[in-house]
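Only one chain is included here, represented as structure tokens and corresponding to the form predicted on its own.
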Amino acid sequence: MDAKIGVLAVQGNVSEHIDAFLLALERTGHGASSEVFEVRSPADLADCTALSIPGGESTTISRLIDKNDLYEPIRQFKGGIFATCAGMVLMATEVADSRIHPLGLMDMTVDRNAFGRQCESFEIDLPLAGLEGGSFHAVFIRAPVVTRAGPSLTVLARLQKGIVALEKGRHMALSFHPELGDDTRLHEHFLRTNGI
């Protein structure tokens, strides 16, 4: 199946996710007809088989989703969504910040910046349920955690502060940045989950 992966390009780690998905597609044997491209409008989203919501500043991304008339199109999107850091915050049903208009696509409560400020960012080799090849080197930058996960969600990894990776059907939400580095196993897992 030819893939058309969109990366929400209103703010955040857009180019890093484009590069990571291009490498993941290459490693999973997809041909030159597969695409990874920026999504800025409902028309762009309509061309996607899957979508990535990258890390960045969650209040800014939320405001720009609304401004660009993408809120309902993303909520109605039939493909899988790969959400990292700020993207995880936006996927939630509940966020303790009135500036964020969450998409409500995963039944969870998220605590923004749960690990503190930028200077308290860290890296860790994180075991993830079902991921082959050993632990994943995870980079946490002003990362959120999930403090409550509904029964429809599968928890993949947690740290002492809370849940840091989970999935629901075709959707995956991670509080860290898998696009920083050349390990594309999580991007590849997402592609397989979405039949790509």
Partner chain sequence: MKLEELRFGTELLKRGFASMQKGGVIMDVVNAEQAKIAEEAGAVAVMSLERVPSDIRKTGGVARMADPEKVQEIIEAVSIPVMGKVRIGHFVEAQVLEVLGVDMIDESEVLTPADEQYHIDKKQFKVPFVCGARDLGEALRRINEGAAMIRTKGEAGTGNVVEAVRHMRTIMGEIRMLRGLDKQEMADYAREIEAPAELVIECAERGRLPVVNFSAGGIATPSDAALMMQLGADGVFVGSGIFKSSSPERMATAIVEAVNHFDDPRVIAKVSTGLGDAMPGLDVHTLRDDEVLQTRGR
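Predicted model only: the values in this text are computed from it and were never measured. Numbering follows the first chain given and starts at 1.
The form predicted together with the partner chain is left out here; the points below concern that form.
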Original post:
Thinking of Gly12, Gly55 and Leu180 as the candidate spot, does the partner chain come within 4.5 Å of a heavy atom on all of them in the model of the complex?
Top reply: yes
Assert contact_stretch over 29-37, 144-152, 131-139, 45-53 against the partner chain in the model of the complex, heavy atom within 4.5 Å, equals 131-139
Handout entry: Non-hydrogen atom contact Asp97 with the partner chain in the model of the complex at 4.5 angstroms
Key = yes
Is Thr93 close enough to the partner chain in the model of the complex to count, meaning some heavy atom within 4.5 Å?
no
I'd like to know if Phe122 sits close to the partner chain in the model of the complex, meaning any non-hydrogen atom pair within 4.5 angstroms. yes
Q) Going by a heavy atom distance of 4.5 Å, is Ile163 a contact of the partner chain in the model of the complex? A) no
Restricting to 67-92, the residues within 4.5 Å of the partner chain in the model of the complex through any heavy atom are Lys67, Asn68
